[in-house]
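Shown below, as structure tokens, is a lone chain in the form predicted on its own; questions about how it binds or moves come after it.
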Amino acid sequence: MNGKTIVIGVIGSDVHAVGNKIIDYALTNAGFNVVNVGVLSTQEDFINAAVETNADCILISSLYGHGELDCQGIREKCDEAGLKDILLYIGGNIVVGKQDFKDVEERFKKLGFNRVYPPGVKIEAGIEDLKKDLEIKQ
């Protein structure tokens, strides 16, 4: 264990449980304490779990394309809950249709996300970024 807690889950009306389990498994094997809020989760589910566990990062996944709508205002809600410095990561099919990822990434960064991942990215990329962002010695 590296002492870092990551809250994970699937936001909104999305039920991609298999991907969620893979992320949970990979993060746990990488030494993180994983708090999994599961599928069909609200912003409040993620935030409440992060507050209760003093989490270092909230990692949201979405596959059904409505991540942008589901994540409106999340950074402000984190701030209000006392999570001003928490890392926010998101990945998956987070928008509907084929869109230029640079534009998508920019929009999600404006929503307050620190890291934004395109569809099909390997979880190892996120793990490497977590280690960098949380200053975990390799």
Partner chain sequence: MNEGYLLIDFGSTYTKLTLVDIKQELIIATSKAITTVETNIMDGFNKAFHLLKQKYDEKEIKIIKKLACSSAAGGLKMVTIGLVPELTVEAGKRAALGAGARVLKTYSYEITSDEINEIKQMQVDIILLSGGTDGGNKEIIIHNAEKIAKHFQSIPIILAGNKCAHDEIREIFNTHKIKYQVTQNVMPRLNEINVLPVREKIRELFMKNIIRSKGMDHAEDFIDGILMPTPAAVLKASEILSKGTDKQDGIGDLIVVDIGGATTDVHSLADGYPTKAGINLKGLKEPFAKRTVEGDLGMRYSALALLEASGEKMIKDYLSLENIKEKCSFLHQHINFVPKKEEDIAFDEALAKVATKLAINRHVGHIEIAYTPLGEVYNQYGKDLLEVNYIIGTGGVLVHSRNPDDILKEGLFSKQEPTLLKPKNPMFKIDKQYILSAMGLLAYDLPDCAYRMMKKYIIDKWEDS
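Numbering follows the first chain given and starts at 1. Note that the structure is a prediction, hence the values are computed from the model and not measured.
As for the form predicted together with the partner chain, it is not shown, yet the points below apply to it.
Residues placing heavy atoms within 4.5 Å of the partner chain in the model of the complex fall in a single listed stretch, namely 39 to 47, out of 68 to 76, 103 to 111, 39 to 47, 85 to 93. Proximity of residue 15 to the partner chain in the model of the complex: non-hydrogen atoms within 4.5 Å are present. Mapping the unseen interface onto this chain, residue 35 counts among the residues with a heavy atom inside 4.5 Å of the partner chain in the model of the complex.
Within 4.5 Å of some heavy atom of the partner chain in the model of the complex lies at least one heavy atom of residue 54.
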